[in-house]
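For reference, the chain that follows is the form predicted on its own, supplied as structure tokens.
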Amino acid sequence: MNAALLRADIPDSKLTDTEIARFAERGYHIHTAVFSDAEVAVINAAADRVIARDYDKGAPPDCRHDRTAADPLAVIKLDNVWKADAILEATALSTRIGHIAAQLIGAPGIRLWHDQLLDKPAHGGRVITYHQDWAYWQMIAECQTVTCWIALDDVRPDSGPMVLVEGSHKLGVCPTPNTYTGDQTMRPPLPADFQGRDVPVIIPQGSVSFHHGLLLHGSDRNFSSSRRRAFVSHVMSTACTYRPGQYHQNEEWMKLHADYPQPGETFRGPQFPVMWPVENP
């Protein structure tokens, strides 16, 4: 399969006004069948190659967290695998994902912030503590960000699905947890009158869960007998600007290139490729 096909738009990537309004109210949007079963098979084969350190673009991901002898059932997490593999690059930068994300937040265009490849093993993984993504991304001055979580395996109730706290994106920035992953299942203190329900993301492979950068979410261990793989494009509006202060590895990576933004300037440069529209410079 040609990698370019994975970047092509799909007929139903145009959202309705109702879907956009529901995202504003709830903080998430589930879009089914964004990738076909055949495309998912190709993506999974590429993911397994990269996990095995086979990089068809000749460069490794920016960051690797592998299993160890001390923790053989840990989640494998790789950041910016788009730099390592052409199929995963086409997936991370998918036009169809960028188009949907742009509509959800009313953005003029979408850039990749970074991607993540996640492999939660059968009967393994640890708790991912409830958190907000943008709380760790204060290098982006505006919370015009969306996490686009692509299911590469069917997500079942017992496979450690992501759980979204509906409406929590309206609460502002909550305190970050002391530990991001481990055994801590507690969420930050919420207002007594907050009525948001927990929404487990139970979706078939090829579907994509989109959530707002301030939406609280977490996940449990994988109690099933099957792997639970996901590929995530964390994205931002092309109008977002660079704000130094809070550490993030993206700052180091972007400064490896000659063309990077100064404080207050919109993000640019090869570290943050444009996903949508494709003609945007």
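When you see a residue number, it is the position in the sequence shown, counting from 1. Here the structure is a predicted model, which is why all the values come from computation and not from measurement.
Keep in mind that the form predicted together with a small molecule is not shown, yet the notes after this line are about it.
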Assert contact residue (the small molecule, in the predicted bound form, non-hydrogen atom within 4.5 Å, options L78, I128, I140, A107) equals I128
Contacting member of R221, H234, R26, H31, with respect to the small molecule in the predicted bound form [4.5 Å, heavy atom]: H234
Picking from 166 to 174, 92 to 100, 194 to 202, 131 to 139, which part of the chain touches the small molecule in the predicted bound form when contact means heavy atoms within 4.5 Å? 131 to 139
Contact test in the predicted bound form: T145 vs the small molecule, heavy atoms, 4.5 Å: no
I'd like to know if M162 sits close to the small molecule in the predicted bound form, meaning any non-hydrogen atom pair within 4.5 angstroms. yes
Quick one: does I87 come within 4.5 Å of the small molecule in the predicted bound form, counting heavy atoms only? no
Residue-level contact is defined here as any heavy atom of the residue lying within 4.5 Å of the small molecule in the predicted bound form; does W113 satisfy this criterion? no
